[in-house]
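Just one chain follows, in the form predicted alone, and it is written as structure tokens.
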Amino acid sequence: MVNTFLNETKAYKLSEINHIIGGILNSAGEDILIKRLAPPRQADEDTLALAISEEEIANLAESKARAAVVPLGVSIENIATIEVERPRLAMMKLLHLFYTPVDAPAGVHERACVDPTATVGENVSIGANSFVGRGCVIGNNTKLLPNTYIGKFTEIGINCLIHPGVNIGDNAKIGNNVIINHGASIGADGFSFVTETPGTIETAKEQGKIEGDFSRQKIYKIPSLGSVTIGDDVEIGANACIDSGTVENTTIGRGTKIDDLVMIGHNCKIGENCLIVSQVGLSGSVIIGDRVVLAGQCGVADHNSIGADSIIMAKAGVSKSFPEKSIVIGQPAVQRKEFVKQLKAIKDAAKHSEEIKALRKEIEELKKGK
């Protein structure tokens, strides 16, 4: 069985592949022709086996592959190997080499709707049932796949790929080489509201308790005058949501990668080269520094900031700001050192509790002996 998601019409000599990924070719297999990539057990004679873990290296013994990519220092009998220092980096280069681009021929589909005031660059593809609003600018070589919506006065840079079902609101600014995956929402109205008198949330923050009659309270919507700005080389996952800013734009820095099902609230400022993993939620006006990692299902409360090069671990509930190079964990979230200290205190407390019980028993026995 081979990977049908890769283009089987492409073929490269093993020596050509080695030159691209910068490895060490250890056997006389320079002329082996490679047409596909696959794990060892699914590989045939025309396949380059990807053996980048201990399990997959062991599976090479059962593989039909004549060639494999392996970590540095691994040698396999009867198989030509390319040793690489960073296997996942090599795999990335290989997948780009064999990747089949989406089917998006240049031109505007007859069932697409492009406002006559929009500016469309060269070699642009606009798929069926897509809508491009008035005053939009679509850069050269950008692809809008079927069923995409681009609101008025939005600018999209060059070489972008907008997948089906993406909705981009009015006045958004999208940089170059941006990928937005299926069903993402960019520039929806922010979740921003106000009451005439202090409500339960404000009362709780100020007084630490909730007292009073709130039965007649009415909630008023605050509309978003801002939009969203996305830097170059950003990727946004399927069904992610990035809301518009209230007055100024919500911003996503250059090179940041956002996973599926992420929620980024209004007025957030996300730095460059961040990694934001699935189901992360950022409340309004959160500031995230450069190169921050937000692990799965963590949440950051409104108006807090996370310093550059920090890691927020999975499911952390962040209710305060943290400086740069922090490692944060827990609910409520604390620095990892503090979290470990808390765990030790709990463990020690359990131990001390047993010791106290034993001492009480001894005291009772001493009392009985009087």
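Rigid core here is just the name for the largest C-alpha set that superposes within 1.5 Å across the two forms. Given the structure is predicted, the values throughout are model-derived calculations rather than measurements. Sequential numbering from 1, following the sequence displayed.
Unshown form predicted in complex with a further copy of the same chain; subsequent notes refer to it.
Between the options 100, 119, 159, 123, the residue in contact with a further copy of the same chain in the predicted bound form by a heavy atom within 4.5 angstroms is 100. In terms of contact with a further copy of the same chain in the predicted bound form, the residue from 175, 255, 139, 71 that brings a heavy atom within 4.5 Å is 255. Residue contact check for residue 9: none of its heavy atoms lie within 4.5 Å of a further copy of the same chain in the predicted bound form. Contact annotation: residue 322 falls outside 4.5 Å of a further copy of the same chain in the predicted bound form, judged by heavy atom distances. For residue 259, a non-hydrogen atom is located within 4.5 Å of a further copy of the same chain in the predicted bound form, even though that partner is not displayed. Interface membership of residue 42, defined by any non-hydrogen atom within 4.5 Å of a further copy of the same chain in the predicted bound form, is confirmed. Contacts with a further copy of the same chain in the predicted bound form, taken as any heavy atom within 4.5 Å, map within 321 to 360 to 325, 326, 327, 331, 332, 336, 339, 342, 343, 345, 346, 348, 349, 350, 352, 353, 355, 356, 359, 360. Core-superposed comparison between the shown form and the other one: the CA of residue 361 exceeds or equals a 2 Å shift.
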